Ligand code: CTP
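Only one chain comes next, encoded as structure tokens, the form predicted alone.
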């Protein structure tokens, strides 16, 4: 390797250390891949987040390998020998190898301890035609590949091949020092202009590890904030999904709000200071009727946007390019929270509350229940709706109405809704009472 600066006295990342941190199965998998590259005398490196987290002694099963040669071809050869699906990304000269139980069996490794996929990339340089554009890539050396990355702590690389260089820790950007000093440092002044999603990533890493953002990096973030308005929704949405899976998701998002990042994405994008309490809801604190995991992304999105209007929720969802189903859930949750006053009215009949809640997706009902912790009456009504009222239906249906000689039409909906409301309100309990009530409705309509 020419030009790579080896650190003096770095932490050791031999196979034994990797086995302790990532588990024996993953360590053996890395060794199998390394030996393949050594036989072919290829320059192979384990790079980025996995090296960072190995040095921090944090288990991470996202394996990223870089070669100074044909990465796609190398991955193809592995898939040909051991099976598994291979997805090629030719514009970026990368490939993703999916590992399943059959691959684990051929590797003679337990599938439970392996990652579900591995990424391979050709060492490359990147140029940006204009700010926020996707990069144009060209083959390059490992050194230039590391310099194109976002933060110094993600530029560390562990060389695995050729054999004589195996175990060398490459630190061309000062990442080790920044790890030791617990700081997030970007590599160049235009980094956030080239890719403003790095603003979100900077705060995500800072909160995850308890690091500080280096002062010059923080200044470049402030200067690049307006660029967030030019990033595509799908890229922003992907970054927020990563944030929502973090243990300190609320801390990250509230930090982004404080620095003005959220309003740069969309003027209506704002979150409640109570977000941390909501996202930290445990299984024990959930209502009995809930069957949605606390880590469910749709639930976390709904809690994130629970305090803006339904209209604004739709607008933010469109900005972040969410699916129609997710947009519907998020907007419905926001509407229910906005309707907290009506949901809390003690004089309302159960059927009136039911009409407010009818049609809302399950995740929206749960999000509203969590967000309305300060509205006990609203919570009780949501509990009663989910546990009792939404299951109550009249025994009479449209077939019965037709049999009675009532012409099909809007009248059916009116009659059946009135019957259901009477059931929910307890005005009728038996089939006989229901029949009498229906007859009275028919007479009234006539």
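Keep in mind that this is a model prediction, so the values were computed, not measured. Numbering follows the first chain given and starts at 1.
The same protein has a further form, the form predicted in complex with this ligand, not shown here; the description that follows concerns it.
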Contact at 149, 198 and 205 by this ligand in the model of the complex, all three, heavy atom at most 4.5 Å: yes
One stretch from 405-413, 54-62, 33-41, 390-398 that, in the model of the complex, holds residues within 4.5 Å of this ligand by heavy atom: 54-62
is_contact(residue 154, this ligand) in the model of the complex, heavy atom dist at most 4.5 Å: yes
